[in-house]
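In structure tokens, one chain follows: the form predicted alone.
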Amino acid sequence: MKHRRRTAAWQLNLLLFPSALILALFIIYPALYSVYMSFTNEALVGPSARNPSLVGFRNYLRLFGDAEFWNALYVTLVFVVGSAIIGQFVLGLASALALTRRIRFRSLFSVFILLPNAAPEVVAGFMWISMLAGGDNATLSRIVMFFGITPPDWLQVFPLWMIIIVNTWRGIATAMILLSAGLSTIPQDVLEAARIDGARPFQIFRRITLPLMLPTIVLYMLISAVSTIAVFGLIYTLTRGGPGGATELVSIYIYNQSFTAFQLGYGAAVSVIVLLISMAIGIAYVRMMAVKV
């Protein structure tokens, strides 16, 4: 019996080894190397590019005194709350609830919700550029002008609102899929008993559906918050962080510091802070809600 167990454990470890190797090479090692690099003055140009040296906590001291870094954190917070926590969650939950009912053109509705995920980030960004940029030639501007309203330059006047809308549009499908899975776990006999007892649809939703979906909601909030912090290609294609840093998320700030200002060590320090924030969000969600995810 022991021999069989050892054989089964060995076979299981063998099957897990390729995944563990990929995880170590592409996630754990880059993260650890970023931590090391954050304590150096490594750069792409200049003397530090040839002979980088350890500088201790100099990058972190500079980071906490950098107004541009704090602006990037603030913009990221607004972006995450607006697009992931509110926009994607509300519309994704509404879509998931709609799919539980018998509605006309249900398949077509699902296609429209899932379609944004079919396009890569950069392609989606260029699609929205045609909608929002180009002055009077932008698609949205033409729609507004049809009603006799003078259109603004959307990406200049409302840059943060525009990227929130675009990211919400792109993430509704993920929210819908996860929340639909949560809805499917709710026992139908519980809902039916509530209806028989005279509970109204809103009462059923607030007192039964939402509490039973809490583990799924917590998991979705965790995934969406962390993934939205890391959004890069879509926003860089649309605004490149402008105008004047109005849409400079921390991901774009790291890119600008590392590959535009050529300061790899400082960019690595920012990425380490972002990693710690993402880990803190995960721990806070799980402990706050006291839900096993």
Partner chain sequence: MPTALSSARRRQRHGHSFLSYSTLLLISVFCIVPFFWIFLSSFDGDAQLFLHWPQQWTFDNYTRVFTVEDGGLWLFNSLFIVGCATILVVVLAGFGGYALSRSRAWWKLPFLYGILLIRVLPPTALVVPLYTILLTLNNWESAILRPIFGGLTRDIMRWTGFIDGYLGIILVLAAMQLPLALWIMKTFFDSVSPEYEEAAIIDGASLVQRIRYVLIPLALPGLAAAGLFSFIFAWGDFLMPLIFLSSPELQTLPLGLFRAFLRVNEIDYGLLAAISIIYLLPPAAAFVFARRFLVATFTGGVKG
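Please read these numbers as outputs of a predicted model, since none were measured by experiment. Numbering follows the first chain given and starts at 1.
Omitted here: the form predicted in complex with its partner chain. The next part is about that form.
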{"item": "Its partner chain: the contacting residue among M145, I85, A94, V78 in the predicted bound form [heavy atom, 4.5 Å]", "value": "A94"}
{"item": "Contact label in the predicted bound form: I172 to its partner chain, heavy atom within 4.5 Å", "value": "yes"}
{"item": "Partner proximity in the predicted bound form: P211 to its partner chain, non-hydrogen atom cutoff 4.5 Å", "value": "no"}
{"item": "Close approach of A31 to its partner chain in the predicted bound form, 4.5 Å, heavy atom", "value": "yes"}
{"item": "Non-hydrogen atom contact A119 with its partner chain in the predicted bound form at 4.5 angstroms", "value": "yes"}
{"item": "Residues of 18 to 33 having any heavy atom within 4.5 Å of its partner chain in the predicted bound form, listed in sequence order", "value": "P18, S19, I22, L23, L25, F26, I27, I28, Y29, P30, A31, Y33"}
